[in-house]
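Single chain ahead, by itself, as structure tokens, in the form predicted alone.
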Amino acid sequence: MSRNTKILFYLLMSAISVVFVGPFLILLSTAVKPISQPIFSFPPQLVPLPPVLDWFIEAWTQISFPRYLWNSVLLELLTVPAYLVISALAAYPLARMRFRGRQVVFGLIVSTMFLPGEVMLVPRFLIVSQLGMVDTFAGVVLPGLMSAFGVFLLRQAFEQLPRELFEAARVDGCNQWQTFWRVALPQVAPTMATLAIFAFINVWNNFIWPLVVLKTDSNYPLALGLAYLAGIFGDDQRSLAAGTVMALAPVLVFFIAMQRHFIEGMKGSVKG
């Protein structure tokens, strides 16, 4: 790569970074700007002078922010571990076991990836309603315990494992369950971590389904609680920005904690 090409490459990457990171920097700057400093000015002033935390305190106290935050955390704890286990249990037979109709089953599962989420809202609500789970956390969690994307990603990861690994497990006397749990599952840990990140973000940002199922305000997750923020602080962009930053913080912390597995997991799952 020539010097000019490198310079052009780095300029392009810098421009793309600004496009992706810029909105978050503006949001963070708005959340800590004092009342004396205008939000909309030309040229834009990103640096707050001086930075204040008043808007975070206001957003925390004006709505039931701790309650909504706890509801979101509880939904994560109920959904993500079960989602990973169920996806792995569905993906392993499709990747490593031979039975009639295996490809048809996999094709049917993958085909659901192309369905818009809105198409499934009514059937899911009817099922949850028949099970008596409306306005419960179980009703929110149940439809999210399995997805075609999770099965697809883990099936690809299981297929990448060497055949000799399974032959050695059989020689050591492992049955199918022991081979899955003790041999195969630890080998796809990076892909599981990648899937956990996607599942965490999906559950945290899920708005439509909790809005359909939940009726009681005290059961709302943080994504619905932010709608209250928009209503209460409709003209106060600073408090609204502070509440949004607090809602984003857990997602960023979780991603940073898991990021070293992310690229490795994606490479291992989509190869071949």
Partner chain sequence: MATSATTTNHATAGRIQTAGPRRKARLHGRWHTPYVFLLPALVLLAVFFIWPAVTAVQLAFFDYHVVSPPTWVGLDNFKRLLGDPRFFTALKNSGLFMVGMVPLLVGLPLLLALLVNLPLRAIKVFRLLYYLPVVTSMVVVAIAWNYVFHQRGVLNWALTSVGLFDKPVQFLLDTGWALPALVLVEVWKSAGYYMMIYLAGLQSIPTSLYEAARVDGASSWQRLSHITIPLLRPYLAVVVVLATMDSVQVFTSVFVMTQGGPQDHTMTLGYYIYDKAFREFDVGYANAIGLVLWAILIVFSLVSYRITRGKVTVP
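The term rigid core refers to the maximal set of C-alpha atoms that superpose within 1.5 Å between the two forms. Numbering follows the first chain given and starts at 1. The structure presented is a predicted model; accordingly, all values stated were derived computationally and were not measured.
Just so you know, the form predicted in complex with its partner chain exists too; it's not on screen, but the next bit is about it.
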{"query": "Complete contact of 32, 60 and 77 with its partner chain in the predicted complex (any heavy atom, 4.5 Å)", "finding": "no"}
{"query": "Of 73, 121, 134, 189, the one that lies within 4.5 Å of its partner chain in the predicted complex (heavy atoms)", "finding": "121"}
{"query": "Heavy atom of residue 64 within 4.5 Å of its partner chain in the predicted complex", "finding": "no"}
{"query": "Interface membership of residue 69, its partner chain in the predicted complex, 4.5 Å heavy atom rule", "finding": "no"}
{"query": "Contact of residue 244 with its partner chain in the predicted complex (heavy atom, 4.5 Å)", "finding": "yes"}
{"query": "Residue contact check: residue 52 to its partner chain in the predicted complex, 4.5 Å heavy atom", "finding": "no"}
{"query": "Partner contacts in the predicted complex for 188 to 224 (non-hydrogen atom within 4.5 angstroms of its partner chain)", "finding": "198, 201, 205, 207, 208, 211, 212, 223"}
{"query": "Cα displacement of residue 175 between this form and the one not shown reaching 2 Å, rigid core superposed", "finding": "no"}
{"query": "C-alpha of residue 97 off by 2 Å or more between this form and the one not shown on rigid core", "finding": "no"}
{"query": "Core-aligned CA displacement of residue 45 at least 2 Å between this form and the one not shown", "finding": "yes"}
